[in-house]
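Shown next as structure tokens: one chain only, the form predicted on its own.
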Amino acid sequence: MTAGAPVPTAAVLVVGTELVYGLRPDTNGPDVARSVAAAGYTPSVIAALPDDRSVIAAHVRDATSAHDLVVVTGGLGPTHDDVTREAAADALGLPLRVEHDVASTLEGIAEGHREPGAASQVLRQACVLEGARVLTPSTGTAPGQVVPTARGHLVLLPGPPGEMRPMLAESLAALVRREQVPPRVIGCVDIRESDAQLRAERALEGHRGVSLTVLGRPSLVDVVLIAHDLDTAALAAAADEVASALAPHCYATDGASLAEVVVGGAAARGITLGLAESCTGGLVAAALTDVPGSSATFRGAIVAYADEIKRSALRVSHDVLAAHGAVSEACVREMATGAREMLGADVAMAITGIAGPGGGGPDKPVGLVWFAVADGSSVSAGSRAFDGDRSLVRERATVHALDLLRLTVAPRA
């Protein structure tokens, strides 16, 4: 594509009544959008559609007339509500034909069904639109299809992500319009979205050809930089300036998660980590163990929810619990020290708090969480008061704990 030419657009349609009703989250839409963007198309719309032939046909008809690329996932299987093939044929005015190689494979599968009519439903998957290029499934039974349209292409893919993703990659490999410079995701913690946006915009004043979007999550903000006719080096330079403007809240400029930064920092310094969790119930440990290779640095966690477990597993004294309670600086300090000793870790983090909705009082309101870090030479402790319901308090406490660990294992100047 020549410089200055319009960027081709794409529409993503995800089919499934369960998605429309919110019974399952849509993972295909974001996956497809990222992939088509990397292939040089601007994703313009993601829409969830029910398993309704007329509704699907109407959306495919509109999308193929308005966009250069339309990707549809779902509705290609063998059951009665898999009607995407027929809907696409209606939309484009094309007949369906039997792909004999696919039919031969499906015949063996169909023989294993006992219900009358099941075999014919399985064999429906061999029907493809006239003129389509067939994408052979590497898993599952439903083939994908790439169909030329008046404006570009329609790609039909099965719904299960494990079946969809290989076919998506295969189809886009032949439809790449231009290689895009991948967006740069700058991760920030403990900063408000609007503050992050304004700092980033000031840093980008000298970088033409970069746009940004800001994505907020509880206690986290991602500043996403998108290149327009820039190379990777130019976008990296812009990302460095934005990261400097966002210091000390910036923890990554390459899209790494906060837990990945913690694990990487600990590994770089040869530090082992341990945890004692109460109100977070293992969420911090789950975040760390989601990171591949975390076993090199993470020793383990003790989820000590009840007071008797704090005493027996973490050696929190009866006197501390009686005088100060489980949600206190004295308790969290002993939890961190006990976890470090019990787990044999260089550094241990402890968390205890009141997630709600009950259990709070004037001196210890719902949302109060204490944190402590023990590193062998000292124990530091502090508290935060988080807003939100039980789930949000626990999520924010988890993020704060990970950030304290990040700062603890950061390379020394």
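It should be emphasised that the depicted structure is a prediction, and the values quoted were computed from it without experimental measurement. In this text, residue numbers run from 1 along the sequence as written. Here, rigid core means the biggest group of C-alpha atoms that superpose within 1.5 Å across both forms.
Beyond the structure shown, there is the form predicted in complex with a further copy of the same chain, which is absent from this document and is the topic of what follows.
Undergrad: Consider Ser257 of the chain shown here, and say whether it contacts a further copy of the same chain in the model of the complex, taking contact as heavy atoms within 4.5 Å.
TA: Close contact is absent here: in the model of the complex, Ser257 is far from a further copy of the same chain, nothing within 4.5 Å, heavy atoms only.
Undergrad: Glu99 near a further copy of the same chain in the model of the complex, any heavy atom under 4.5 Å?
TA: Glu99: no contact with a further copy of the same chain in the model of the complex.
Undergrad: Can Arg299 be called a contact residue for a further copy of the same chain in the model of the complex at 4.5 Å between heavy atoms?
TA: Because a heavy atom of Arg299 falls inside 4.5 Å of a further copy of the same chain in the model of the complex, the answer is yes.
Undergrad: I'd like to know if Val373 sits close to a further copy of the same chain in the model of the complex, meaning any non-hydrogen atom pair within 4.5 angstroms.
TA: Taking the distances in the model of the complex, the answer for Val373 is no, it never comes within 4.5 Å of a further copy of the same chain.
Undergrad: Taking a further copy of the same chain in the model of the complex as the reference, which of Ala266, Ala285, Val146, Ala239 has a non-hydrogen atom within 4.5 Å?
TA: For this set of options, the contacting one is Ala285.
Undergrad: Heavy atom within 4.5 Å of a further copy of the same chain in the model of the complex: which of Ser295, Ser244, Thr136, Ser104 fits that? Just give me the one.
TA: Answer to the contact question: Ser295.
Undergrad: Report the stretch among 166 to 174, 327 to 335, 312 to 320, 86 to 94 that approaches a further copy of the same chain in the model of the complex to within 4.5 Å, counting heavy atoms only.
TA: Stretch 312 to 320 is the one.
Undergrad: Quick check: do His80, Leu343 and Arg394 each get a heavy atom within 4.5 Å of a further copy of the same chain in the model of the complex?
TA: Affirmative, all three are within 4.5 Å.
Undergrad: Can you list, in sequence order, the residues from 30 to 52 that come within 4.5 Å of a further copy of the same chain in the model of the complex, counting heavy atoms only?
TA: Residues within 4.5 Å: Pro30, Ala33, Arg34, Ala37, Thr42, Pro43, Ser44, Val45, Ile46, Ala47, Ala48, Leu49, Pro50, Asp51.
Undergrad: Core-aligned, is the CA shift for Ala63 between the shown form and the other one 2 angstroms or more?
TA: Ala63: C-alpha displaced by 2 Å or more between the shown form and the other one.
Undergrad: Align on the rigid core first; then say whether the Cα of Pro161 has moved by at least 2 Å between the shown form and the other one.
TA: Yes, the C-alpha position differs by at least 2 Å between the shown form and the other one.
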